[in-house]
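Shown here is one chain on its own, the form predicted on its own, set out as structure tokens.
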């Protein structure tokens, strides 16, 4: 299973993103004998094997369904297990475009975190490019390493290192010789990127323009980062904030003036009918009470008869309730 290539048919061991709701995707590694449980039912993994990606399957009981989607960086961002705060698609797409990352590019990313942005970089760079990703936290490094191998990200070179202290120089995994990245773009998602910036000179390309993006949430971080960039020769520095907003489209009822007038007339009519019925009920109840007192009916018996009368009226009302049809004032 690879994020860099598209498959048509689901096989055992493949990663499937189960679409349960618009913002609810569940990653599944198809394993015989296992099942995924959702609010819409239980879905056996065996039922997914052999189906094309994009298929809709129903639960074992015949009701409720999910969609089986092919993994992409965008969908993985929604469904991945969070180990850190991640970079979401509105930010990652803008950063990739501004850094001019294309097929064949070499990119440095630090830190790896949950690996959301690494998948987007890997797909954009393609098989001819390279992503050099660094993570200082060993448990996160090991988890990311297993995910990248399982997802077929063969163009990602992951290193366990604190780049702020030890820099970006890496060794080739096969020859153990120094491997200089000669990178085209740099992305730093670090608490103190200004400490890593001085180490970039030995790994960035010298014969072409190189872009850098420092992803920082606080203006104090931004100030220190800009000072470090200026000190080490970076130019054309900009600060940008991306505010992504999701919009939902839905069908709305058309509210016509004639509908409103008709509705108001109907409400007034039912109000008048209700007032008259209430007056008649009070008068009838008063006479019935006088009659019961005159006949010596006990108070408990009168209360029980009144409750039965109310219940009977409610039942009749439900049976004869009018259907008012289309209501333009209720969504």
Partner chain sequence: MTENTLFPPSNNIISENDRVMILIPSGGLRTVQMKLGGIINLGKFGQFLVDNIIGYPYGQSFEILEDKKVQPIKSLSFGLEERDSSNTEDSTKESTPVPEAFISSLTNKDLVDKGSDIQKLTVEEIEKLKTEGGGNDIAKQIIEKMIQSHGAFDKKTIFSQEKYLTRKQKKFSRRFTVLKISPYNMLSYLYQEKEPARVLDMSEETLGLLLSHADVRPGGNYLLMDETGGLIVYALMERMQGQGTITLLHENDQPKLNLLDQVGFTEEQIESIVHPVNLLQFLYPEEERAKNYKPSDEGIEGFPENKKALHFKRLRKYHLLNDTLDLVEKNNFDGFISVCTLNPTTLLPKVLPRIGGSRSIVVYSQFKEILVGLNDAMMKDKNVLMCNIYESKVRKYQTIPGRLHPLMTSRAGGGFIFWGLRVFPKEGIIAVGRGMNKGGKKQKLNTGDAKSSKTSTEQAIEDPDDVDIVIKS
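Residue numbers count along the first chain shown, from 1. Quick caveat, the model's predicted, so the values are computed rather than measured.
The form predicted together with its partner chain is left out here; the points below concern that form.
At the 4.5 Å heavy atom threshold, is residue 108 in contact with its partner chain in the predicted complex?
Residue-level check for residue 108: no, no contact with its partner chain.
Residue 254: heavy atom within 4.5 Å of its partner chain in the predicted complex?
Residue 254 lies outside the contact set for its partner chain.
Distance check, residue 73 to its partner chain in the predicted complex, heavy atom within 4.5 Å
Result yes; residue 73 sits at the interface with its partner chain in the predicted complex.
Looking at the partner-bound form in the predicted complex, is residue 82 within 4.5 Å of its partner chain by any heavy atom?
Residue 82: no contact with its partner chain in the predicted complex.
So which of 187-195, 230-238, 256-264, 156-164 is the stretch with heavy atoms within 4.5 Å of its partner chain in the predicted complex?
It is the stretch 230-238.
Using a 4.5 Å cut on heavy atoms, which of 199, 123, 137, 145 is close to its partner chain in the predicted complex?
So the residue touching its partner chain in the predicted complex, by this definition, is 123.
Could you spot which one of 56, 271, 288, 34 gets a heavy atom to within 4.5 Å of its partner chain in the predicted complex?
Exactly one listed residue reaches within 4.5 Å, namely 56.
Only counting heavy atoms and a 4.5 Å limit, does any residue of 93-113 reach its partner chain in the predicted complex, and if so which ones?
The stretch touches the partner through 93, 94, 96, 97, 98, 100, 101, 102, 103.
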